[in-house]
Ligand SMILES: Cc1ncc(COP(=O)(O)O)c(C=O)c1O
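Here's a solo chain for you in structure tokens, the form predicted on its own.
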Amino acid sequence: MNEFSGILSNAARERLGRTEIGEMISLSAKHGAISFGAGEPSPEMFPVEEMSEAIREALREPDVWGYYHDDYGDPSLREWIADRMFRDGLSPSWVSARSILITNGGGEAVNLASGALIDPGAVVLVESPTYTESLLTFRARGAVCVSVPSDDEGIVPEELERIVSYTPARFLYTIPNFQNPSGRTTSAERRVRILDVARRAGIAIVEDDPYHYLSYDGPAPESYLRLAGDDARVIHCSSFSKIVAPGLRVGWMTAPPELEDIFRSLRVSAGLGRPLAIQRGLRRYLDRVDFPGRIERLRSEYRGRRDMMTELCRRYLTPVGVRTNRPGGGFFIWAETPGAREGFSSRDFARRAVERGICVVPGTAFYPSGGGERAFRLSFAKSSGEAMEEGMRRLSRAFADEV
């Protein structure tokens, strides 16, 4: 047997590890728990038959079986994305099909941006809290992640300005709409101020926006990409995972003109292109579907689940002293225990709760250097009906037992 301990990279030895989300999902399966943990869309909303037929048709095209030499992905899918983004007010006029790079879900888009901008020891600014898998990506590259305080309106601009005044950073990573994990949306007024701080500090913004279309109480604010206009400092990342199906693993990013060749090289170094048959099949599906109609159906379904869980939170969690928010879209509700509950650990609580049949993700998973000890994330996307209510009953009982 080979002995690898002496030849592991620093990243493998010191920076990587299993995420708390992965641990909780495994524990949920082990204990047969009702899960409010996984931030996944509901399988009931996947267009299985339509996508299956579209991919079958794509597989009949001879060129999908060989090497594909456009490193940025299928041109026709990139054209659809660029057109959709512009029509929906997401992008300025400089974004075209040439600027769109197809990725293996939104996660690879964030990874490619990291590869272009991070050296070991470089500072990356993140929301507090933020998405745990992105923290893992940044750490793997050797970044130092610095939290920027946030509240119910998103990043606090004054705190961002204070931090950049003494901390040279490469970029700000933000999930501006219906954030994972907090469900918060950065207000339009704050976006303008945050972009101004980034300009004056000379840092980029990596805008991770997979939930843009899942807005339930009105349209999401204007994107950083659109607000920046010709100041192409924003790398916008998104995905079809939430609006079509996550198993397709198709996401995209916008490449600022200055970075087009760099992203091309990074893509080649990461394994050339991504499966052309899937991309062609997806484009066929998108050509046939009423896209605005599909988005409205998704909004209607998930809005109903959001409303159900927020009402159940009021009924079952408020009486035991747990505060929850009401997100305007996305998949997540952020819950916090009262400050008077001394010694409470969300990590320990989550492990006790899953043994009692309910899975939640502890808030500690979403901070780079401490935080979230009194918070946890609930996802309503895959839950509905009796299972959601029973899960909330179990969660309430678990909290009551902590008192």
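Only a predicted model underlies this, so the values are computations on that prediction, with no experimental measurement involved. The first residue of the shown sequence is 1; numbering continues from there.
Not pictured, yet referred to below: the form predicted in complex with the named molecule.
Among the residues 241, 324, 137, 279, the one placing a heavy atom within 4.5 Å of the named molecule in the model of the complex is 241. The listed set 256, 221, 105, 154 contains one residue whose heavy atoms approach the named molecule in the model of the complex to within 4.5 Å, identified as 105. Residue 330 falls outside the set of residues with a heavy atom inside 4.5 Å of the named molecule in the model of the complex.
Within 4.5 Å of some heavy atom of the named molecule in the model of the complex lies at least one heavy atom of residue 208.
Proximity of residue 98 to the named molecule in the model of the complex: non-hydrogen atoms within 4.5 Å are absent; the residue sits far from the partner. Residue 186 falls outside the set of residues with a heavy atom inside 4.5 Å of the named molecule in the model of the complex. Comment: 174 to 182 is the region of 174 to 182, 222 to 230, 159 to 167, 279 to 287 lying near the named molecule in the model of the complex, near meaning a non-hydrogen atom within 4.5 Å. The three marked residues, 47, 213 and 299, fail to reach the named molecule in the model of the complex, with no heavy atom of any inside 4.5 Å.
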